[in-house]
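Taking the form predicted alone, here's one chain by itself in structure tokens.
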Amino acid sequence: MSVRPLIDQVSSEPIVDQIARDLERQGYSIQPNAITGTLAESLWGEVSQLSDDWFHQAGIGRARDYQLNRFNRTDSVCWIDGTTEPCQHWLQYTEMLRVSLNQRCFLGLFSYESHYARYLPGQYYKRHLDAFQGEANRVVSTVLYLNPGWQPDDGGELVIYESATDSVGIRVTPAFGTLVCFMSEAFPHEVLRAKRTRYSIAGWYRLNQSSTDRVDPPR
């Protein structure tokens, strides 16, 4: 069964309208069961079968500022480059979503980058912002959860804080097919420890900050 019809319909789906309204009204959107069926199952099938060799320890920052920091985060990642069929379909889906959000919200989103994220039992990512210091190129963050049968007591929630002084936050269970979108510079967030291996796709819609001597995003 092809995922193409699902991708072709994304720009007219009510869920896209809801995401756009949420981003404009409150800056974040949480959509349970947003991406299910063939697309989600193919992504789950791929990431759950990847060997340890495909993942590397996640770090903080990028390019010359990149550094490993096991105090802040202990997850591992595998960047998505579109070389497999599931990843190609995922990038097609996110491109359709990019166009739709630009049409509805006039965000000027230019490109998208994403990676599989794997949290083994007990791993975490402490409170942080997705936009790098001194750069405003990450505009909208996305998280798609790929965890069939996830139970509330499995832990591993995403906690989105509505301000720098918010100490309670909004907890999101990483249930299969849930899609979260939020403005990258506005919402500190963290990933709590889980009791079982937790998979997701973390991604970012970006502005174009390329210049004659700088390619954005840096490689």
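Just count from 1 along the sequence shown to find any residue number. This one's a predicted model, so the numbers in the text were calculated from it and none came from an experiment.
Here the subject shifts to the form predicted in complex with N-oxalylglycine (OGA), a form of this protein not shown in this document.
For the options R104, H89, H115, R98, the one in contact with N-oxalylglycine (OGA) in the model of the complex, meaning a heavy atom within 4.5 Å, is H115. Shown alone here, V16 lies farther than 4.5 Å from N-oxalylglycine (OGA) in the model of the complex, counting heavy atoms only. V140 falls outside the set of residues with a heavy atom inside 4.5 Å of N-oxalylglycine (OGA) in the model of the complex. Contact annotation: L158 falls within 4.5 Å of N-oxalylglycine (OGA) in the model of the complex, judged by heavy atom distances. Although the partner is absent here, Y125 sits close enough that one of its heavy atoms falls within 4.5 Å of N-oxalylglycine (OGA) in the model of the complex. Although N-oxalylglycine (OGA) is not shown here, in the model of the complex the stretch 184-203 places heavy atoms of H189, V191, R198, S200, A202 within 4.5 Å of it, in sequence order.
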